[in-house]
Ligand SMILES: Nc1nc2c(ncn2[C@@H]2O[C@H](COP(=O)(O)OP(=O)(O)O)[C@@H](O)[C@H]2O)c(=O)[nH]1
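One chain comes next, on its own, written as structure tokens: the form predicted alone.
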């Protein structure tokens, strides 16, 4: 399934612009979702970056499981790829990120170049790039929202003394594998109107069952009993009043509610993918 089916024309324009932007920066910071690090990584970046310095931020780390966050960091370490955790809900991670940038800036300043460290932050839609940028600069430097691809336009932002950032729209891989559709749909990286929300919701419930973590769902949904995913989705619909006029359960609305709760971290810390 090609990305054009999700964001018509967006991918080609974003890649073309990024190719030009890369000539202006020293460091590329890639945001991936800590709950789905493999699927939220953009494979197109591998071709574009080549030997350019890159830092991976496992963003929304407060919503990924602590043990899995550590395992993913170890995975990147073994790949000789610098990586850090990131979340605006975990200020120490942002402090560590800024410390990393300052270290890179001092390294650049110590070389023959006498100019600011310039970086670009890239990532798939809805991975939290604009939210992180707003947090870093302490003002609304870029639009934020819950819908994928809400950011528009580009701008330079001064993060620290001697550190400048170029903001760009999020980009999505040009080719979505069948394995990536579920995690990307679950974390909200795909337009909700373009996914089968009930199927994604059922898969999500199935994963909670497989991992033996239904208790996290029970803390959110009253009187939820463990059972088949379809039965659990119906129970959630009833408990949340997702009913149609004739009394039937509105499963589409229930699925949307479940996915919104997961994306907002209201179903507990939960990671969808393990390191290879």
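Residue numbers count along the first chain shown, from 1. What you see is a predicted model; the values in this text were computed from it and never measured.
The discussion below concerns the form predicted together with the named molecule, not included here.
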Would residue 176 show up as a contact with the named molecule in the model of the complex if we use heavy atoms at 4.5 Å?
-> no
Taking the shortest heavy atom distance, is residue 124 within 4.5 Å of the named molecule in the model of the complex?
-> yes
Heavy atoms within 4.5 Å of the named molecule in the model of the complex: does residue 26 have any?
-> no
Would you check, heavy atoms only and a 4.5 Å threshold, whether residue 131 touches the named molecule in the model of the complex?
-> yes
Interface check vs the named molecule in the model of the complex: of 103, 81, 89, 199, the one with a heavy atom inside 4.5 Å is 89
Could you tell me which of 203-211, 242-250, 61-69, 217-225 sits within 4.5 Å of the named molecule in the model of the complex, going by non-hydrogen atoms?
-> 61-69
